[in-house]
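Given next, in structure tokens, is a single chain: the form predicted alone.
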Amino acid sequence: MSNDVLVFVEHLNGEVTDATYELLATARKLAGQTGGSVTAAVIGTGAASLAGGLGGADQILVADTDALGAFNPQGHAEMFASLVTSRQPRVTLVPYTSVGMDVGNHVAAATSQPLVSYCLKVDAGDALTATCQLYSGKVEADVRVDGDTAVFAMLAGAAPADGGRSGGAGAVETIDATVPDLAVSFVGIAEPEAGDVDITAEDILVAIGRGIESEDNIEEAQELADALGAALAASRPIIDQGWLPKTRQVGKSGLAVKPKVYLALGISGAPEHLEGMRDSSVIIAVNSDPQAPIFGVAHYGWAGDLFDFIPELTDRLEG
């Protein structure tokens, strides 16, 4: 076993994701504790062209192959698992995303290591420990790993992405890109059609969640958004009901937004939603549950009935 930290590089449409840079920031802190180095593994189409942007790593392992497409769960997982086996890092980091879940689960099983998910932070001092978020963020659990190595799946926002963009030596090593026999193949990426509003470009967003209760109540939220000069967005439950189009969804399975003001109405703050909006400049939350996780990231909050809040603010803005 080495004292190194190995990071899985997630990339989409030819770009390294912010989740990867957050992993690299965490990895740099952990490597300082273990006395090892930070190694990043980038696998798949265009991997070689992405290596230059991974300055947060001391070493970058590149397996450039078009055979896996943008992402192949089986192929990427098996190739990364082989690196974990051969390099024997003390800590392996994957993002807690749809990609990272596929890879992390497989690697942990293939290498007989524990997998710790929903991680907010990881420590590699005397023992491997992590703080994890449970029950949609309402509970934080401290976990101690029984062993010297582990795979950790990190939540979005666990570390600043800018902290992982530099700090390493960035030495590149090309590795074997032989693709295993695959039971699945990459077909393509299905993206939602462009909507009437690009919520990623808006300065102010009014976002509604399950607390809006019914489709009929969306009109009130829209009136508030109009009064603010804002666009209306939503969490996944609203989209799943078909009350707003997919292009208005904020979160891991929707869009990541960074407006100047994010007004969250009736949104509890599940990790999947926080992943898409926690970098907003100012977050204002309204929820009837004072323990809702959204208050943990909000700059301002009001625990109360959103149906008291919405008309009151709308009247003041229009008055």
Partner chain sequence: MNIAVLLRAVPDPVEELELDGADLDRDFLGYVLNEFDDHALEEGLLLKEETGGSVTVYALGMADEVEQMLHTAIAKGADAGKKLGDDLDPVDAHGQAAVFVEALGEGNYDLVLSGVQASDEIDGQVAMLVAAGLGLPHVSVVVGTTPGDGSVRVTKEYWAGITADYDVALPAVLGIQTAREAPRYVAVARIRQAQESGALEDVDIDQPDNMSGVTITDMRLPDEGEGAEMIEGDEEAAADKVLELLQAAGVR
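None of these values were measured; they are calculated from a predicted model. C-alpha atoms forming the largest set that superposes within 1.5 Å between two forms make up the rigid core. Numbering follows the first chain given and starts at 1.
The next section is about a form of this same protein that is not shown, the form predicted together with the partner chain.
Mapping the unseen interface onto this chain, P180 falls outside it, with no heavy atom inside 4.5 Å of the partner chain in the predicted bound form. Though the partner is left out of this view, V187 does reach within 4.5 Å of the partner chain in the predicted bound form, counting heavy atoms only. Using a 4.5 angstroms limit between non-hydrogen atoms, H106 touches the partner chain in the predicted bound form.
Under a 4.5 angstroms non-hydrogen atom cutoff, the partner chain in the predicted bound form has S117 among its neighbouring residues. For the options T111, T174, S98, Q222, the one in contact with the partner chain in the predicted bound form, meaning a heavy atom within 4.5 Å, is S98.
Relative to the partner chain in the predicted bound form, residues L134, A141 and G301 are all within 4.5 Å by at least one heavy atom. For the partner chain in the predicted bound form, the listed stretch (69 to 77, 214 to 222, 82 to 90, 166 to 174) containing residues with heavy atoms inside 4.5 Å is 69 to 77. In the predicted bound form, the residues of 226 to 258 lying within 4.5 Å of the partner chain by at least one heavy atom are, in order, A227, L228, R236, D240, Q241, K246, K252, S253, G254. L306: CA moves 2 Å or more between the shown form and the other one after rigid-core fitting. Core-superposed comparison between the shown form and the other one: the C-alpha position of A67 differs by less than 2 Å. Core-superposed comparison between the shown form and the other one: the Cα of E202 travels 2 Å or more.
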